[in-house]
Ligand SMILES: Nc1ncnc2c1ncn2[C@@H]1O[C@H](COP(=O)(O)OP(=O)(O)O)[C@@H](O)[C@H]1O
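One chain is shown next in structure tokens, namely the form predicted on its own.
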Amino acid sequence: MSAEPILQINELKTHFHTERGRVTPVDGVSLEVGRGEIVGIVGESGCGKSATAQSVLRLFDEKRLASYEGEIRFGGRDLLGLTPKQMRGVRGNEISMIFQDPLSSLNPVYTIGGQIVETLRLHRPIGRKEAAAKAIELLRLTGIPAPERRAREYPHQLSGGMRQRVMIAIALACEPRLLIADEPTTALDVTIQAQILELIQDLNRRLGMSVMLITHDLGVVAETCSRVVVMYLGQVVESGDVRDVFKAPLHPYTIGLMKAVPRLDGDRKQELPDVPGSVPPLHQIPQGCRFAPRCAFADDKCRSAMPELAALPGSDTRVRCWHAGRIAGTED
């Protein structure tokens, strides 16, 4: 990675303490986000993408539900070593997050402008009048028409695309250095999806803001991101430059995801191949390579021993697979 990292996650483990025992939805994740870079995190539902993002902001209940191991270094500080009060100064200020469902994330009894004002005044020494003017400016920045009028409206009065833009405006209120976008276009139609992604890219270019983009859509990653991190069952299984990974994926899971993407030049009558099986529950994690029960390459070694995440000789792509060399054609 050429860009200086603003976020470094090293061997992060997030443990949940449940009635059925301890489970670990984030298990030894290591990744980096450079300054001004957009990094895509991909994988099926249940692979740990959102849990990783929420762990960065320590959003889980640490008194009753969750505990962490490893490092989350942001701007030289380990976030796991901060007090709860210090973390409140980071959330929404230095690191902001856009959640999947804006309607459940916005407060239904407060106006749009009022919610932006609240965010600004929480983190900045600013008066209410100045904050209200800034809120309108932010709504205008995110492409909301008639922002003065919209600022006085409530979430239910806005369309899905408008609400997502409001979430982005709130996330940008304090000019964060890192924006975490968790499936920001899931509930939107295709036209609005494109507008939201274009907006995120534009803000990334203009503000120099780093972005961690969580999605299941490989097409979005190809169009938006410079690097990609593929996760499966709480672990990173492949990571590298988007062009390198998409041109020559080295992990069977990544290969399966790529084959399942519709192609414009393909046979429209031909059924798309899928990755066989499904992501198992966290309390039924298989021994050895976690993808082995779904993998056509799996052998006894795969089913008994966990491979490390490592780069092949002559490659910058890191992969967690015993057969990556054979897939790459560098060994028999």
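Start at 1 and count along the sequence shown; that's the residue number. Everything numeric here is computed off the predicted structure, so don't read it as measured data.
One more form of this protein exists, namely the form predicted together with the named molecule; it is left out here, but the text below deals with it.
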item	value
In the model of the complex, segment of 32-40, 287-295, 300-308, 46-54 with a heavy atom within 4.5 Å of the named molecule	46-54
Proximity of T18 to the named molecule in the model of the complex, heavy atoms at 4.5 Å	yes
Heavy atom of L282 within 4.5 Å of the named molecule in the model of the complex	yes
